[in-house]
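Let's start with one chain on its own, the form predicted alone, as C-alpha coordinates.
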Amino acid sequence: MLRKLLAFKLLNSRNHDFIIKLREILGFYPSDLSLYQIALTHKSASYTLKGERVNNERLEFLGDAILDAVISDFLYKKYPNEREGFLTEMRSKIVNGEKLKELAVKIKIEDFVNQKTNLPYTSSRIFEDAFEALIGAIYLDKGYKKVYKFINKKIIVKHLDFPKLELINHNYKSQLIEWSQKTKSQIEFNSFSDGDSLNNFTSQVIINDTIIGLGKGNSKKEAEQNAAQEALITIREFEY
(Lines give C-alpha, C1' and ligand atoms only; values in the text may rest on other atoms or scores of the structure.)
Protein backbone atom coordinates (compact mmCIF):
# COMPACT_ATOMS: atom_id res chain seq x y z
CA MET A 1 0.00 0.00 0.00
CA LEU A 2 2.79 2.41 0.93
CA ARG A 3 4.53 1.74 -2.36
CA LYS A 4 1.35 2.46 -4.30
CA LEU A 5 0.79 5.70 -2.42
CA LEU A 6 4.37 6.75 -3.13
CA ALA A 7 3.98 5.91 -6.82
CA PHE A 8 0.74 7.86 -6.97
CA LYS A 9 2.37 10.88 -5.38
CA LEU A 10 5.29 10.73 -7.79
CA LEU A 11 3.12 10.23 -10.85
CA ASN A 12 1.16 13.35 -10.03
CA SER A 13 4.26 15.52 -9.77
CA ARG A 14 5.55 17.84 -12.48
CA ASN A 15 8.24 15.26 -13.28
CA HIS A 16 5.66 12.72 -14.49
CA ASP A 17 7.34 11.82 -17.82
CA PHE A 18 10.82 11.60 -16.32
CA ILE A 19 9.56 9.30 -13.55
CA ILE A 20 7.75 7.03 -15.99
CA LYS A 21 10.92 6.65 -18.09
CA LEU A 22 13.01 6.03 -14.98
CA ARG A 23 10.58 3.32 -13.94
CA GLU A 24 11.06 1.62 -17.31
CA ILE A 25 14.85 1.79 -16.99
CA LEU A 26 15.16 0.87 -13.32
CA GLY A 27 12.25 -1.50 -12.77
CA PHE A 28 11.10 0.47 -9.73
CA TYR A 29 9.96 3.96 -8.75
CA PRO A 30 12.61 6.26 -7.27
CA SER A 31 12.17 7.51 -3.73
CA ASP A 32 14.51 10.48 -4.02
CA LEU A 33 14.10 11.81 -7.55
CA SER A 34 16.76 14.49 -7.08
CA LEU A 35 19.50 11.83 -6.89
CA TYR A 36 18.66 10.62 -10.39
CA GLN A 37 18.42 14.14 -11.76
CA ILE A 38 21.91 14.82 -10.43
CA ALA A 39 23.19 11.48 -11.76
CA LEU A 40 22.17 12.51 -15.26
CA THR A 41 23.70 16.00 -15.05
CA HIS A 42 27.13 16.15 -16.64
CA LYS A 43 29.64 18.66 -15.29
CA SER A 44 29.23 20.73 -18.46
CA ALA A 45 25.64 21.40 -17.37
CA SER A 46 26.42 22.04 -13.69
CA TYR A 47 24.07 24.27 -11.76
CA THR A 48 24.24 25.99 -8.39
CA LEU A 49 22.06 24.90 -5.48
CA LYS A 50 22.41 26.51 -2.06
CA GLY A 51 25.78 27.86 -3.05
CA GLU A 52 27.10 24.46 -4.17
CA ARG A 53 28.03 23.40 -7.71
CA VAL A 54 25.88 20.39 -8.62
CA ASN A 55 26.73 17.68 -11.19
CA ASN A 56 27.19 13.91 -11.31
CA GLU A 57 30.92 13.70 -10.53
CA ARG A 58 30.49 12.64 -6.89
CA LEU A 59 27.82 10.07 -7.77
CA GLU A 60 30.07 8.79 -10.56
CA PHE A 61 32.86 8.23 -8.01
CA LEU A 62 30.51 6.30 -5.73
CA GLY A 63 28.87 4.35 -8.55
CA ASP A 64 32.24 3.25 -9.90
CA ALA A 65 33.08 1.63 -6.54
CA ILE A 66 29.63 0.05 -6.15
CA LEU A 67 29.69 -1.35 -9.69
CA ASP A 68 33.12 -2.87 -9.10
CA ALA A 69 31.87 -4.50 -5.88
CA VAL A 70 28.73 -5.95 -7.47
CA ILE A 71 30.52 -7.28 -10.55
CA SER A 72 33.31 -8.74 -8.39
CA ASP A 73 30.72 -10.43 -6.16
CA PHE A 74 28.90 -11.85 -9.18
CA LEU A 75 32.07 -13.14 -10.88
CA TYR A 76 33.36 -14.69 -7.65
CA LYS A 77 30.19 -16.77 -7.42
CA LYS A 78 29.88 -17.51 -11.15
CA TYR A 79 33.46 -18.79 -11.51
CA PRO A 80 34.22 -20.64 -8.22
CA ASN A 81 37.27 -22.43 -9.65
CA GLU A 82 38.96 -19.56 -11.46
CA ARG A 83 42.00 -17.71 -10.16
CA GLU A 84 42.21 -14.04 -9.25
CA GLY A 85 43.85 -13.05 -12.53
CA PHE A 86 40.97 -14.43 -14.61
CA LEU A 87 38.38 -12.72 -12.39
CA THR A 88 40.21 -9.39 -12.61
CA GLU A 89 40.41 -9.61 -16.40
CA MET A 90 36.72 -10.50 -16.71
CA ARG A 91 35.77 -7.59 -14.48
CA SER A 92 37.84 -5.21 -16.59
CA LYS A 93 35.98 -6.40 -19.70
CA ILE A 94 32.70 -5.40 -18.08
CA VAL A 95 33.55 -2.14 -16.30
CA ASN A 96 35.84 -0.57 -18.94
CA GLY A 97 34.79 2.74 -20.42
CA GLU A 98 33.70 1.51 -23.84
CA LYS A 99 31.54 -1.26 -22.35
CA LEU A 100 29.91 1.09 -19.86
CA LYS A 101 29.10 3.56 -22.64
CA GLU A 102 27.59 0.69 -24.63
CA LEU A 103 25.50 -0.41 -21.63
CA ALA A 104 24.32 3.16 -21.02
CA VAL A 105 22.98 3.29 -24.57
CA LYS A 106 21.39 -0.15 -24.27
CA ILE A 107 19.39 0.80 -21.18
CA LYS A 108 18.47 4.07 -22.94
CA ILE A 109 19.68 6.71 -20.52
CA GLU A 110 21.44 8.77 -23.19
CA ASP A 111 18.27 10.73 -23.98
CA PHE A 112 18.06 11.94 -20.37
CA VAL A 113 21.65 13.07 -19.86
CA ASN A 114 21.84 16.83 -19.35
CA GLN A 115 25.05 18.04 -21.00
CA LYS A 116 26.33 21.10 -22.82
CA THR A 117 29.34 20.02 -24.85
CA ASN A 118 30.31 19.71 -28.50
CA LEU A 119 31.88 16.28 -28.05
CA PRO A 120 31.03 13.70 -30.74
CA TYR A 121 28.44 11.18 -29.58
CA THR A 122 30.62 8.14 -30.28
CA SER A 123 33.74 9.41 -28.51
CA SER A 124 32.23 11.10 -25.48
CA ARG A 125 32.69 9.68 -21.96
CA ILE A 126 29.50 11.43 -20.89
CA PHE A 127 27.34 8.28 -21.04
CA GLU A 128 29.92 6.15 -19.27
CA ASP A 129 30.01 8.71 -16.44
CA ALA A 130 26.21 8.91 -16.32
CA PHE A 131 25.91 5.13 -16.10
CA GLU A 132 28.23 5.00 -13.09
CA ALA A 133 26.47 7.96 -11.49
CA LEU A 134 23.13 6.20 -11.96
CA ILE A 135 24.50 3.21 -10.04
CA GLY A 136 25.55 5.58 -7.27
CA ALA A 137 22.08 7.14 -7.19
CA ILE A 138 20.36 3.75 -6.91
CA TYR A 139 22.68 2.78 -4.06
CA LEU A 140 21.96 5.94 -2.08
CA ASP A 141 18.24 5.79 -2.84
CA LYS A 142 17.55 2.08 -2.32
CA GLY A 143 20.63 0.41 -0.83
CA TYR A 144 23.02 -2.36 -1.86
CA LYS A 145 20.47 -5.16 -2.31
CA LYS A 146 18.43 -3.09 -4.74
CA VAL A 147 21.42 -1.94 -6.78
CA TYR A 148 22.70 -5.54 -6.91
CA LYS A 149 19.30 -6.67 -8.20
CA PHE A 150 19.25 -3.88 -10.79
CA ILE A 151 22.72 -4.70 -12.11
CA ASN A 152 21.97 -8.41 -12.17
CA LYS A 153 18.52 -8.22 -13.76
CA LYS A 154 18.85 -5.20 -16.05
CA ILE A 155 22.53 -5.42 -17.02
CA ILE A 156 24.07 -8.86 -16.50
CA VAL A 157 21.14 -11.04 -17.58
CA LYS A 158 20.00 -8.83 -20.48
CA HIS A 159 23.20 -7.43 -21.93
CA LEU A 160 26.28 -9.48 -21.01
CA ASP A 161 27.38 -12.51 -23.01
CA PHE A 162 29.95 -14.24 -20.80
CA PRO A 163 31.17 -16.88 -23.29
CA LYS A 164 31.84 -14.04 -25.73
CA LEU A 165 33.50 -11.90 -23.05
CA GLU A 166 35.83 -14.78 -22.15
CA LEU A 167 37.19 -14.77 -25.72
CA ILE A 168 37.86 -11.02 -25.92
CA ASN A 169 41.51 -9.98 -25.77
CA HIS A 170 41.85 -7.12 -23.34
CA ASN A 171 45.62 -7.05 -23.19
CA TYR A 172 45.60 -3.35 -24.02
CA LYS A 173 49.34 -2.90 -23.55
CA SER A 174 50.01 -5.61 -26.13
CA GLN A 175 47.52 -4.01 -28.55
CA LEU A 176 49.15 -0.60 -28.08
CA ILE A 177 52.65 -1.97 -28.69
CA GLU A 178 51.38 -3.72 -31.83
CA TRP A 179 49.89 -0.40 -33.04
CA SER A 180 53.17 1.41 -32.35
CA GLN A 181 55.09 -1.16 -34.38
CA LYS A 182 52.70 -0.90 -37.32
CA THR A 183 52.71 2.91 -37.32
CA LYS A 184 56.40 3.24 -36.35
CA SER A 185 55.37 5.42 -33.42
CA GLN A 186 57.54 5.70 -30.34
CA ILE A 187 55.54 5.10 -27.15
CA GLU A 188 56.73 5.33 -23.56
CA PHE A 189 55.19 4.10 -20.31
CA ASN A 190 55.96 6.27 -17.30
CA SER A 191 54.83 4.28 -14.23
CA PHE A 192 55.27 5.10 -10.57
CA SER A 193 53.87 4.47 -7.10
CA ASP A 194 52.14 7.41 -5.42
CA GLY A 195 51.24 6.15 -1.95
CA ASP A 196 50.14 3.21 0.14
CA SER A 197 46.40 3.42 -0.55
CA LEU A 198 44.33 1.46 -3.06
CA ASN A 199 45.08 2.21 -6.72
CA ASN A 200 48.48 3.49 -5.61
CA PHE A 201 50.19 2.93 -8.97
CA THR A 202 49.90 5.44 -11.79
CA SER A 203 50.99 4.95 -15.38
CA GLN A 204 51.19 7.39 -18.27
CA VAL A 205 51.39 6.57 -21.97
CA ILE A 206 53.48 9.19 -23.73
CA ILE A 207 53.82 9.85 -27.48
CA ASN A 208 55.87 12.81 -28.73
CA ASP A 209 56.07 14.25 -25.21
CA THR A 210 52.27 14.19 -24.95
CA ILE A 211 50.35 12.10 -22.43
CA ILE A 212 47.59 10.28 -24.34
CA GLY A 213 46.68 7.72 -21.67
CA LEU A 214 46.54 7.74 -17.89
CA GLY A 215 45.72 4.78 -15.67
CA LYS A 216 45.70 3.76 -12.01
CA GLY A 217 45.81 0.33 -10.41
CA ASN A 218 46.78 -1.79 -7.45
CA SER A 219 49.90 -2.87 -9.33
CA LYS A 220 52.18 -1.44 -11.99
CA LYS A 221 50.83 -3.98 -14.47
CA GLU A 222 47.20 -3.02 -13.83
CA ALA A 223 47.99 0.70 -14.05
CA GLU A 224 49.78 0.19 -17.39
CA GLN A 225 46.87 -1.82 -18.78
CA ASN A 226 44.43 0.94 -17.80
CA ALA A 227 46.69 3.62 -19.27
CA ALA A 228 47.08 1.63 -22.49
CA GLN A 229 43.31 1.22 -22.73
CA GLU A 230 42.78 4.98 -22.47
CA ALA A 231 45.57 5.59 -24.99
CA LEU A 232 43.90 3.27 -27.51
CA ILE A 233 40.60 5.13 -27.08
CA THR A 234 42.41 8.44 -27.68
CA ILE A 235 44.09 7.06 -30.79
CA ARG A 236 40.79 5.79 -32.22
CA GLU A 237 39.13 9.17 -31.62
CA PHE A 238 41.86 10.91 -33.63
CA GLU A 239 41.82 8.27 -36.37
CA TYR A 240 38.08 8.56 -36.90
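We call the rigid core the largest set of C-alpha positions that still match within 1.5 Å between the two forms. The numbering used is simple: start at 1 and walk along the sequence shown. Just so we're clear, the structure is a prediction, and the values are computed from it rather than from any experiment.
Quick note: we don't show the form predicted in complex with another copy of the chain, though the next part is all about it.
> May I ask you to state whether residue 102 is within 4.5 Å of another copy of the chain in the predicted bound form, using heavy atom distances?
Answer no; every heavy atom of residue 102 is more than 4.5 Å from another copy of the chain in the predicted bound form.
> Spell out, yes or no, whether the shortest heavy atom distance between residue 177 and another copy of the chain in the predicted bound form is within 4.5 Å.
Answer yes; at least one heavy atom of residue 177 falls within 4.5 Å of another copy of the chain in the predicted bound form.
> Within 4.5 Å, heavy atoms only: does residue 191 come near another copy of the chain in the predicted bound form?
Taking the distances in the predicted bound form, the answer for residue 191 is yes, it comes within 4.5 Å of another copy of the chain.
> Given that the partner is absent here, does residue 96 sit within 4.5 Å of another copy of the chain in the predicted bound form, heavy atoms only?
Although another copy of the chain is absent here, residue 96 would touch it in the predicted bound form, with heavy atoms inside 4.5 Å.
> Identify whether another copy of the chain in the predicted bound form is within 4.5 Å of every residue in the set 77, 88 and 208, based on non-hydrogen atoms.
Yes, the whole trio is in contact, each within 4.5 Å by some heavy atom.
> Scan 125, 154, 106, 146 and let me know which has any heavy atom within 4.5 Å of another copy of the chain in the predicted bound form.
Selected residue: 125.
> At a 4.5 angstroms cut-off on non-hydrogen atoms, which residues of 43-72 are near another copy of the chain in the predicted bound form? List them in order.
Those in contact are 43, 52, 57, 58, 59, 60, 61, 62, 64, 65, 66, 68, 69, 72.
> Please check if residue 32 moves between this form and the one not shown, taking a CA shift of 2 Å or more relative to the superposed core as movement.
The answer is no, as the C-alpha of residue 32 shifts between this form and the one not shown by less than 2 Å after core alignment.
> Core aligned, does the CA of residue 207 move at least 2 Å between this form and the one not shown?
For residue 207, whose C-alpha is compared between this form and the one not shown after core superposition, the shift is 2 Å or more.
> For a quick test of reading the superposition: does residue 186 move by 2 Å or more at the CA between this form and the one not shown, rigid core aligned?
Moves: yes, 2 Å or greater.
> Between the shown chain and the other structure, the Cα gap of residue 220 to residue 80 differs by 3 Å or more. Is it closer or farther in the predicted bound form?
So the answer is farther.
> Relative to what is shown, are the Cα atoms of residue 178 and residue 93 closer or farther apart in the predicted bound form, where the gap shifts by 3 Å or more?
Residues converge in the predicted bound form, at least 3 Å closer.
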